[in-house]
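Take a look at this one chain, the form predicted alone, written out in structure tokens.
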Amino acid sequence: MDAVSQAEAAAALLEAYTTRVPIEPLRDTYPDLTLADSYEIQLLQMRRRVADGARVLGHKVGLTSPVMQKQMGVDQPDYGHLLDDMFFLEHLPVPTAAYLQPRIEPEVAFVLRRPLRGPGVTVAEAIAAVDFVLPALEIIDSRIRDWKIGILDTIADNASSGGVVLGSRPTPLSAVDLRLAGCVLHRGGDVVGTGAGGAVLGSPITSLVWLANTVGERGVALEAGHVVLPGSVTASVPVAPGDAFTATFAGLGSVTARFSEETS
């Protein structure tokens, strides 16, 4: 795939954010699309967003659990960027109309107190770099029509990033075993998902290490103060206008995301 085609694909995805009209799978439009192409397409969009004034406040790892890999038809994790306009306050309405086909996922968010620069980051170094963890709800969204994504599509589409709502109760890593921390996801009064931290590559810490080393190979460091979303502990759940979701994590507390009634 040449640079012109990469720029064309990045422009099409950026336009989908504005028009809220999804595009066809990139792997169909560009049969020669590779993993390296997809990450370059993602970076082209992030450079454009940053040039327009956005700030990178963290990263997310996606497709880390067997249930999510099966749901999305992929076989490996990916990562994307979290920008400042993706963060929403708990309990205040998230603008549903800003999304094309949103879904929600409960996650444990890491907040870093020191940078992590891979490759070569160890579990011990990752643990030492974490300031605290928070319960979180990630909003995923796809600019690819009908969520017909493969790994190359979702990487190019910034790992299907949409938004994040963070809880307000910080917990030190020493106070909880993230592998065993169970989660119940409610939509209103109904349970729509259950899981535990061990669903995320065996431990969310493993996901943090994978991210630090993977982005490090591309010359990127995870910075102090940044948020890292390591992956969902349940399958994603579709979001409709007016929905309210609460994720309750054992030992971490809960976080609630409310969505506006507005549809356009």
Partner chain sequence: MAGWDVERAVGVLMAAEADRRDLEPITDEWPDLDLATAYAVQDEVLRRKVAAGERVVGVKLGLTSRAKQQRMGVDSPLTGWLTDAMVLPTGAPVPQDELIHPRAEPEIAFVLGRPLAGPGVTAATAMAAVDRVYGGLEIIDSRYRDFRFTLPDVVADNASSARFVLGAMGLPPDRLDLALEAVLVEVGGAIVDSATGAAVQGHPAEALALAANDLGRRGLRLEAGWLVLTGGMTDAVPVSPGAKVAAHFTSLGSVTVSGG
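Residue numbers count along the first chain shown, from 1. Because the structure is predicted, anything quoted here is derived from the model rather than measured.
Unshown form predicted in complex with its partner chain; subsequent notes refer to it.
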- prompt: Can you pick the one in V184, L173, A129, A159 that has a heavy atom within 4.5 Å of its partner chain in the predicted complex?
  reply: V184
query: Which of R179, H91, R169, R113 has a heavy atom within 4.5 Å of its partner chain in the predicted complex?
result: R179
Stretch from 43-51, 215-223, 24-32, 194-202 whose residues place a heavy atom within 4.5 Å of its partner chain in the predicted complex: 194-202
field: its partner chain contact in the predicted complex: P66, any heavy atom under 4.5 Å
entry: yes
task: Would you please decide whether A250 lies within 4.5 angstroms of its partner chain in the predicted complex, comparing each non-hydrogen atom pair?
output: yes
message: With a cut-off of 4.5 Å between heavy atoms, is V233 one of the residues that contacts its partner chain in the predicted complex?
response: yes
